[in-house]
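In the block that follows, a single chain appears as structure tokens, in the form predicted on its own.
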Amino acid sequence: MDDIILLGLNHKTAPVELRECLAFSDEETDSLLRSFSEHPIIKESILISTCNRVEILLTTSDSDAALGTAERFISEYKRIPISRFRENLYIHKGDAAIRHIFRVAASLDSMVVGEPQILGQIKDAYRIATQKRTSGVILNRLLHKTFFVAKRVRSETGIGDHAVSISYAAIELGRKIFGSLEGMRVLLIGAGEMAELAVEHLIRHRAGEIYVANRTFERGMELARRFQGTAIRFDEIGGMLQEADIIISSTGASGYVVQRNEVKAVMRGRKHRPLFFIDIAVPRDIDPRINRMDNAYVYDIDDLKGVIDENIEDRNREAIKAERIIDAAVVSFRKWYRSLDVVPTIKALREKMAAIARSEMEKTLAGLHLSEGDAGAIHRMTDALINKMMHDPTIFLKNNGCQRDKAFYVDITRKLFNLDSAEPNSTDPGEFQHRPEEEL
């Protein structure tokens, strides 16, 4: 039976400079998968390439030869000596490979545990493999199971419930204050990266108008266009305090950009509408004394880091629950994978035919009054029929009739005769979505 192997590197084993050199574009992925499919030792293959990892998932009849081939192909495609990346590679085989892909999809192996992007990236990688027909019976089943496990982890644990980035934590605090961020007016002061990310999160929560104030007006206009907002001049910030609901600031100013007196002057006219400040600048942009005023809330980067540290602890506790789900899934997949061996399938098919024949024969004989000799003759005839019916399938499965695609024919046999009645039916090999009815 073919082996499942995975080799790769990620943010834990390789610096960003190396990961950048080994990242594969969609076109390069197509080409590499084609090369894998043409190599006789590699049966199935999927390539996952993101900013934090490059991983190749394979099935093969010769693990050592396949690993050497994969390393050589990477070296040739990226024009990098094998010696430059070999020590950064990790290699998993069998259950370890299965567990690893489950953990990656469930975001237990991510730089930020619980982040949701990796699952979509794996689905994209699988889609490409199915389009190129480099994923077959084994990896199709494994990836369907992977998506199902990731969904279970997401729905049955709190691993993705808590903000673990500065910008996202800020928006979550805003949601607690306002309840909903829909229609809220946002003033972005400065053009820092974390402030931009915070605005992107706000847009996902359907925030309203966005205004951008930057010392360089042209840069403010560029940023405003990106968010379909409006650029204002820096000296217009005071006037916008009357209108804005959320103010995100990340300038490089040496003093406070927004003073307490400015906010005090507009609060009466706001008629008790809350004003929420997210101060991501170091040194701070927002006068912290504003936080003492009614309906004014100021959170600086230290406040947000405190929230994140607490949430990371929560996620790590939830990750323990996720590991239990994954352990059960590995056992389940191993059971199916071992069933692809020819001998258990032939044995299961014979037992099923014998059980059906025995049941029907007993029903028939129950209404007859046959002698012991006649009943024995019918039993012998039934056994002979089973042997004759099993002859051709057994020869086909055991011999060279299906050597090239043995897993495919064994899988088809098990489906045709429903030998895995407790297991879910497989879907079309080209389908990349998980099967919601699948059970662990």
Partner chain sequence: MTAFFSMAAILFYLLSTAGYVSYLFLQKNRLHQAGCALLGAGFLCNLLSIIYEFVATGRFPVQNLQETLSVAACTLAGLFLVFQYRYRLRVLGVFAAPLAALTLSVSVQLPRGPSQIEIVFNNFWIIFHVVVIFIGNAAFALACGAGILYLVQESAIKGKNHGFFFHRLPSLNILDTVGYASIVVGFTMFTLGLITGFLYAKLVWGRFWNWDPKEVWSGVMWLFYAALLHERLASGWRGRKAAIMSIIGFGVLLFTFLGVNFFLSGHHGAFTRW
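Positions refer to the first chain, counted from 1. Only the largest set of C-alpha atoms that superpose within 1.5 Å between the two forms is called the rigid core. Because the structure is a prediction, the values reported are computed rather than measured.
The form predicted together with the partner chain exists for this protein as well; it is not shown, and the discussion that follows is about that form.
### Message
Counting heavy atoms only and using a 4.5 Å cut-off, do Leu173, Lys176 and Tyr299 all touch the partner chain in the predicted bound form?
### Response
The answer is yes: all three residues contact the partner (heavy atom, 4.5 Å cut-off).
### Message
Just to confirm the contact call: exactly one of 365 to 373, 77 to 85, 303 to 311, 218 to 226 touches the partner chain in the predicted bound form at a 4.5 Å heavy atom cutoff, so which is it?
### Response
Among the candidates, contact is made by 303 to 311.
### Query
Should Asn261 be classed as touching the partner chain in the predicted bound form when contacts are defined as heavy atoms within 4.5 Å?
Heavy-atom contact with the partner chain at 4.5 Å: absent for Asn261.
### Task
Please check if Asn291 has a heavy atom lying within 4.5 Å of any heavy atom of the partner chain in the predicted bound form.
Asn291: yes, in contact with the partner chain in the predicted bound form.
### Query
Is Lys335 close enough to the partner chain in the predicted bound form to count, meaning some heavy atom within 4.5 Å?
Answer no; every heavy atom of Lys335 is more than 4.5 Å from the partner chain in the predicted bound form.
### Query
If you check in the predicted bound form, is Gln117 within 4.5 Å of the partner chain, heavy atoms only?
Gln117: no contact with the partner chain in the predicted bound form.
### Query
Pick from Arg273, Arg204, Lys347, Arg324: which residue has any heavy atom within 4.5 angstroms of the partner chain in the predicted bound form?
Contact with the partner chain in the predicted bound form is made by Arg273 alone.
### Task
Find the only residue in Gln242, Asn295, Asn316, Ser359 having a heavy atom within 4.5 Å of the partner chain in the predicted bound form.
Only one listed residue qualifies here, and that residue is Asn295.
### Query
C-alpha of Pro81: shift of 2 angstroms or more between this form and the one not shown, rigid core aligned?
No, because once the rigid core is superposed, the C-alpha of Pro81 moves less than 2 Å between this form and the one not shown.
### Message
Superposing on the rigid core, I want to see if Arg260 changes position between this form and the one not shown - specifically a Cα shift of 2 Å or more.
### Response
Indeed, Arg260 is displaced by 2 Å or more.
### Message
Superposing on the rigid core, is the Cα displacement of Leu139 between this form and the one not shown 2 Å or more?
### Response
Shift of 2 Å or more: no.
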